[in-house]
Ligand code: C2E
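Next up: just one chain, as structure tokens, the form predicted on its own.
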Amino acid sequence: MIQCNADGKRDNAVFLFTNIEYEVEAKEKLTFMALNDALTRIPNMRTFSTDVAEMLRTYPKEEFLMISIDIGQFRLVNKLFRYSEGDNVLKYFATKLQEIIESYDKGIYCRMASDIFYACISEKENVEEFLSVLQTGMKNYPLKFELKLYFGIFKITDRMEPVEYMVEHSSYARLEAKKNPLQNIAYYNDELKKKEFFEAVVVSEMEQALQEGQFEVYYQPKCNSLTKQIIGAEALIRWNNPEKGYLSPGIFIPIFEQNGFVTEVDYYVCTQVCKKIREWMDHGVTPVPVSINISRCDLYDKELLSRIMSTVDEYQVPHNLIEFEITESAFILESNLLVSFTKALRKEGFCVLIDDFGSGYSSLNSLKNIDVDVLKIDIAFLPVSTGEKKSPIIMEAVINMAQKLGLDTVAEGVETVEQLELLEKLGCYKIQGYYFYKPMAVTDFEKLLRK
């Protein structure tokens, strides 16, 4: 391009070069990245949804299966062998999945995120062989760690249903498979359909339930077995649904833990407990320490401690009247977060308890790394029959260990006089369980306190 000055004479020349090949290559790369997973190089979820819909339209008379696949304990692979090895595992599995699917006449596959993959294949294919080949391939991966796959299978019956819903159905089945340690495959059926629908209803109603005060705090006393006096209580959540009646926490808490709503529920319990303790103190009722459960999900809330402190201070509740129970599994899976969190709680004068101690995780490692005040010994340790010999030995060892570490103990789930007598013999006198009291409404608990 020629540039001229004011007199019309040539001033200088500017040459523009366009690298056509580079532009084409860049566009192709962008297109590939938009349609494929960056790590494994196989199709992503966006491409998968489009291709599955097209395949269903192209073959209207053929039956297809939607399959959700999860590499079990993949999080531990990253933790034990670093993320680079985790990436290698994902790329290896993606290659195996690609090889199998592309050997079929019809089939679509993708990686959605992390260790979650999907495949859609014809029902004519041998699905058992498909799953077996994938699992065998993972066993052959050179890693000293069991790479077990979990599968959820959904038979596509309604082709007008969005592909995203088909994926959700297969995912729901996969989550059911992960709950059963004896198998790794689950088929979406009418029973799961009803369960999925119920959970969807729960999720749709939870926000309104919280706003309308449908959640109620129940209290289960903790007693001194020698004096029979109430020395504390655990706050437990109940959902009084206007249509379904009282719902067990075992039904809705797992759902809330999956979607993160449990954090709001736990904070609601904390607020109600502080409010009630303040009310007791103002009306001359001597309160006892109340423990509040902390979920694993709560630990991801960066404002958790400040929210707790704000609520406790708002109602001017002495910190020794509020305790926090943390399930032992959280000590293993979220140890880094817990170290700082438990330190901060204890620094502020709150008592910290390990709930369900001995429920199958690395209990001793928890005690070594994290400072707590109390062990709540799980009912699983207690003898279930008069002929039981091992449980008393384990109980005695745990109680002695706690005493040497300067920790208090509370036995939960105590139901029989035989269990109570054993605990007293071993030196554990703080008891929680149906032998003394069941969880009760706050009005009934107040009556006990007034006595």
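When you see a residue number, it is the position in the sequence shown, counting from 1. Because the structure is a prediction, the values reported are computed rather than measured.
Same protein, other form: the form predicted together with the named molecule, not shown, and the subject of what follows.
Contact with the named molecule in the predicted bound form, judged as any non-hydrogen atom within 4.5 angstroms, is confined among 205 to 213, 69 to 77, 245 to 253, 112 to 120 to 245 to 253. At a distance threshold of 4.5 angstroms between non-hydrogen atoms, E415 is in contact with the named molecule in the predicted bound form. When the named molecule is considered in the predicted bound form, N184 lies well away from it, no heavy atom lying within 4.5 Å.
The named molecule in the predicted bound form comes within 4.5 Å of no heavy atom belonging to I100. Taking the partner from the other structure, the named molecule in the predicted bound form has no heavy atom within 4.5 Å of any heavy atom of E323. Residue in contact with the named molecule in the predicted bound form (any heavy atom within 4.5 Å), chosen from T271, Q135, S225, Q220: Q220. Residues of 419 to 451 placing a heavy atom within 4.5 Å of the named molecule in the predicted bound form, in sequence order: G433, Y434, P439.
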